[in-house]
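Here's a solo chain for you in structure tokens, the form predicted on its own.
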């Protein structure tokens, strides 16, 4: 039975900060940002965009092509939770008009969360082959104004519909995991911002990639030459580049060239959006599919990483006609029509969005018509509206 990705949708808010502007404001050589971490732009979420509104908007990108009656499972993965108890999935379920019988909940393990949701959904579909599963990764990466991690912030959501007749990517059964109790990144309850040991986190990321990639090859008999592309979780694009260099070791020249070119294709969207935590790996996959010329059934490797920490390597086979499920022109248009904000405007938006609105305050949005937004609270309950 084939189980895998049948639909994919992407959303990011309508504002961005140019990284050269940020570098100059912070007294940093712009090349340290553009080349050193590999970022050009950073998505900025204002007070009216949160994980729920972004997740709905990402799903609406393909929702008119979905048989809602077949959806049996909805999982939201996030590390930017809006409630300590109620799952963000329940807000989204109502907005998407999903039936009451749909199982809906939220999962967390840093940036690995969406992969955890994918694996749960895969097992669910193996037991319920006539149904589909909706999994959404939605996050806002905030480290603080002028913090060491400021240049790796971002915001966005990736929505995936999984089925037993996937039109995009059929997931292979094999997978390799490695986890350990590591304090490279965490966010205590009392802190609105994450705490990170950047150098340590880079070392753990590469160590976990090496372990899981080698184990996966031992399990399957594949080697690096068998992959048409490998996509990575990209907290910043230079991180994926370093992992990809490890994957290239001992490969023949054609394979090195192909994997290098396809990595470049896979990082293009992240360069303009920044870190979206749980959705970052799948944003890389989307960027690859929209920008590379791939033949089917190409074998695509995926490395998922979540600080704290867990890594997983798995793979999928590209399906014939996958490009018919994609909307590259619409994705570029969404990025191109965003408002460029100044550093001062970004700082003001950041400060406002980092704290809850006043009780019963009604928020209005400048998002495009049809997009959902967070409209404030009413008697302590979060409100969502469509523009």
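These numbers come from a predicted model, not from an experiment. Numbering follows the first chain given and starts at 1.
Not on display, but discussed next: the form predicted in complex with a small molecule.
Visitor: Honest question, do 73, 129 and 131 all end up within 4.5 Å of the small molecule in the predicted complex by heavy atom distance?
Guide: Spot residues vs the small molecule: no contact at all.
Visitor: Using heavy atoms only and a 4.5 Å cut-off, determine which of 165, 103, 214, 242 is in contact with the small molecule in the predicted complex.
Guide: Contact check passes for 242.
Visitor: Which pick from 342, 339, 360, 31 sits with a heavy atom within 4.5 Å of the small molecule in the predicted complex?
Guide: Checking each option against the small molecule in the predicted complex, the one that comes within 4.5 Å is 31.
Visitor: Verify the contact flag for residue 199: yes if a non-hydrogen atom of it lies within 4.5 Å of a non-hydrogen atom of the small molecule in the predicted complex, no if not.
Guide: Output for residue 199 is yes: heavy atoms within 4.5 Å of the small molecule.
Visitor: Counting only non-hydrogen atoms and a 4.5 angstroms cut-off, does residue 288 reach the small molecule in the predicted complex?
Guide: The answer is no: residue 288 has no heavy atom within 4.5 Å of the small molecule.
Visitor: Residue 312: heavy atom within 4.5 Å of the small molecule in the predicted complex?
Guide: Residue-level check for residue 312: no, no contact with the small molecule.
Visitor: Using a 4.5 Å heavy atom cut-off, state whether residue 321 contacts the small molecule in the predicted complex.
Guide: No, residue 321 stays farther than 4.5 Å from the small molecule in the predicted complex.
Visitor: In the predicted complex, which of the stretches 90-98, 234-242, 261-269, 217-225 has residues with heavy atoms within 4.5 Å of the small molecule?
Guide: One stretch meets the cut-off, namely 234-242.
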